[in-house]
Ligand SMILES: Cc1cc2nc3c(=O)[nH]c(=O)nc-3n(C[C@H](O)[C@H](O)[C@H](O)COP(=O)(O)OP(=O)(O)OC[C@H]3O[C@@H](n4cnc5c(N)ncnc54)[C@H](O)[C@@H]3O)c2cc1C
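In the block that follows, a single chain appears as structure tokens, in the form predicted on its own.
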């Protein structure tokens, strides 16, 4: 029997899950209050498995990087670039420890010296004595990638409902009802809650507690200019990349800084740092700022999977949507349609928060 699945959330996670379900033969309806979601369009868009994460999470992230390559073969036009990164945003010894650890795990990270940094990124105004290069890291332009997945899924038969707000969920014996603001209701065998910052409120309509926070992150965006950067640049206090349109995007780190009470003033100061970091940077002009609210589970790790006692509801919420999207989409489709259990997702079920055990170590917000 073909399963009917309603996916709630039009960001990169919802789009990937909806695409994979549709490609696997399910009848899918994607409900998107806002095209592209809320967090996705405001993402730094870095695909990585870099420092600060324990081995299990590294394995999930490195698998997700491989799934981006697979997905790009299956969906033409995905705006994906494996441009690599150069970073020196840790103290020297921590950088060296990270490089040794991750190289031992199979990550393509290596030390490079000042002369090579200058050759790879000649626009940098100041060159550190050494940095770490990861050639396998990249970028997926977030809104364009989301729209490409949705368009391809629609060609494969997915239904898209845009501009309607989901107000709640109602469990029934053989499925889930999705309640809409206009009074309509969508019936489904399964509902996927991939609504980012709204996940907790919607889950609460089923008396399910999903511990998610939504910290703000400010990024600044320049007017488009000819190419200045060849890859991601991760300097202390300033992470930079250049979009396919030529805009330079900067944040105090990839997640963006707290905008405080005066976001415009914070953006002006941040853009000044961006200008100072590049040769000829004084000619750059800030075009706009963005403030993204990143859905971040309480312990920093994803929440993925069905809810105990409610098999018709599948949760998918993570602060690392750009990196993890293709793997989460593939795994979610398999678990929903085949009833399988993906081993890489075992540490990331909602049930871990109910366990009477000490809190999990904090994951780096990457």
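Positions refer to the first chain, counted from 1. All figures in this text were calculated on a predicted structure; none of them were measured in a lab.
Quick note: we don't show the form predicted in complex with this ligand, though the next part is all about it.
- In summary, the region of this chain contacting this ligand in the model of the complex, judged by heavy atoms within 4.5 Å and restricted to 81 to 89, 160 to 168, 99 to 107, 276 to 284, corresponds to 160 to 168.
- At a distance threshold of 4.5 angstroms between non-hydrogen atoms, residue 271 is out of contact with this ligand in the model of the complex.
- Contact annotation: residue 314 falls outside 4.5 Å of this ligand in the model of the complex, judged by heavy atom distances.
- The shortest heavy atom separation between residue 33 and this ligand in the model of the complex is within 4.5 Å.
- This ligand is not drawn, but in the model of the complex it has a heavy atom within 4.5 Å of residue 42.
- Taking the partner from elsewhere, every residue among 37, 293 and 323 has a non-hydrogen atom within 4.5 angstroms of this ligand in the model of the complex.
- Applying a 4.5 Å heavy atom cutoff to this ligand in the model of the complex picks out 194, 195, 196, 198, 202, 217, 219 from 181 to 219, in order along the sequence.
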